[in-house]
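The chain that follows stands alone, in the form predicted on its own, written as C-alpha cells.
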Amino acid sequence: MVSESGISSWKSPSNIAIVKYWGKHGIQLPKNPSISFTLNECTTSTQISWVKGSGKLEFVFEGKSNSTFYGKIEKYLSLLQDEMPFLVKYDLTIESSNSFPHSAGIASSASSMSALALCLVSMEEKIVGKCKDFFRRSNFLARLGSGSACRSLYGGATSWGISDLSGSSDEYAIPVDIHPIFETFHDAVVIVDAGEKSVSSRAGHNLMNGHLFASVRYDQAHANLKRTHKALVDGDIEQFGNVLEEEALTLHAMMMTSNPSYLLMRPNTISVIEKIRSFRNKTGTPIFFTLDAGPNIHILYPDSVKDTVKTFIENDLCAFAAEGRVIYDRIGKGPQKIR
C-alpha cells in the first residue's frame, strides 16, 4: 500500500577533507578524487513530513523560515524529479537544525544535504519500496546537492572520486579502512572569522576552469590520495600530517592564483599556523592543521595527546579566535536514524 503520509528523520555529520576536491564538471562530479574524516559532534538533524498533495514545500531552519536555504532546497528537489518522480505528488515540510553555528568553518552543506538525502531515501522506501543499497542510493543523491555531502554517509574515512582505490567512483563515495590510531583522532576548529566568505565555494570551483595550474593540481591530488591512503592504513601519523598540511596550503594557493584571484585566509589564520608549527617543532607533539575553503583552522591530533593539545589551544591559540571560539570534535561513526 502506497504511503499517504509519513515522517522520516536523520542526523548526519559534516566531514573534514584531508585530500581536497577543488574543481568540478558535469552535475556535481569532481575533477580530482578526495578523502576525508567524518566528524562526530558537528551534525545536521533533518526531518521530512509528507502528505499526499500537489508538491508544495515548506522549509524551516532552526525554527524559522529561511528564504536562502529554501531556494537551495527547492532547486535541489527540482533536480531530483527524474530520480524521484513521486515527490511532485506530496506536500513536504522539511525541518532542519545544526549542532554548530552556520559559517563556522565547518562544511554545513555536507551535513545538511546528506541528512536531507537520507530522509528522502527513507521516504522513497516507504512509498516505492526498499532499494538495493540504502546508503549507496543516499550517497548518490547527497552528491547532487553538495559534492562533499557524499563523504558524510559513512563513518571514519571516506573517499570520493575515481582513483586507484577499489570501488572508487565519481558518482558516489566509498568507505576507507583506516588504522585504529586514526579512529581516535580529534578535530578542534579555531574560528578565526565566522563571517560569510567573500567568494563562495561554488564560485571557487568554477574558477578552476582554465586555471593555469589546474592540471598540475589534479595530478598532485591523485598522488596525495595514494600517500594518504597508505598512511591511513599503516598508521603513519607523520606522513598523514605532511599531506594534510600540503593539501590545505595548495587549496589556498589555487585561490590566490586564480583569475580573478582572491584570499580567504586572514592574518590570524597565518598566526595560528605558525603557532602550531612552532609548538610541534619544540615539543614533538603530533598536531597538524588543515583548512577548508575559508579562514578557520582545523587542528587534527590523536586522542593520546588531547589534554596537551587542549592546554596549548587555550593558552596560545584562543587569542586569535573570534570571541575565543573553538569547536572541539572527533572522528565519528556516521549518520544516525532518528525516526
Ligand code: PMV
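Predicted model, so just to flag it, every value in this text is computed and none were measured. Start at 1 and count along the sequence shown; that's the residue number.
The same protein has a further form, the form predicted together with the ligand, not shown here; the description that follows concerns it.
- Heavy atoms within 4.5 Å of the ligand in the predicted complex are found in exactly one of 83-91, 145-153, 132-140, 177-185, that being 145-153.
- Under a 4.5 angstroms non-hydrogen atom cutoff, the ligand in the predicted complex lacks residue 72 among its neighbouring residues.
- Taking non-hydrogen atoms only, residue 211 never approaches the ligand to within 4.5 angstroms in the predicted complex.
- The ligand is not drawn, but in the predicted complex it has no heavy atom within 4.5 Å of residue 317.
- By the criterion of a heavy atom within 4.5 Å, residue 225 is excluded from the residues contacting the ligand in the predicted complex.
- For the marked spot (21, 201 and 293), a heavy atom within 4.5 Å of the ligand in the predicted complex is present in each of the three residues.
- Note on the partner interface in the predicted complex: the residue among 331, 321, 17, 327 having a heavy atom within 4.5 angstroms of the ligand is 17.
- This chain is displayed alone, yet in the predicted complex one of 250, 98, 109, 268 has a heavy atom within 4.5 Å of the ligand; that residue is 109.
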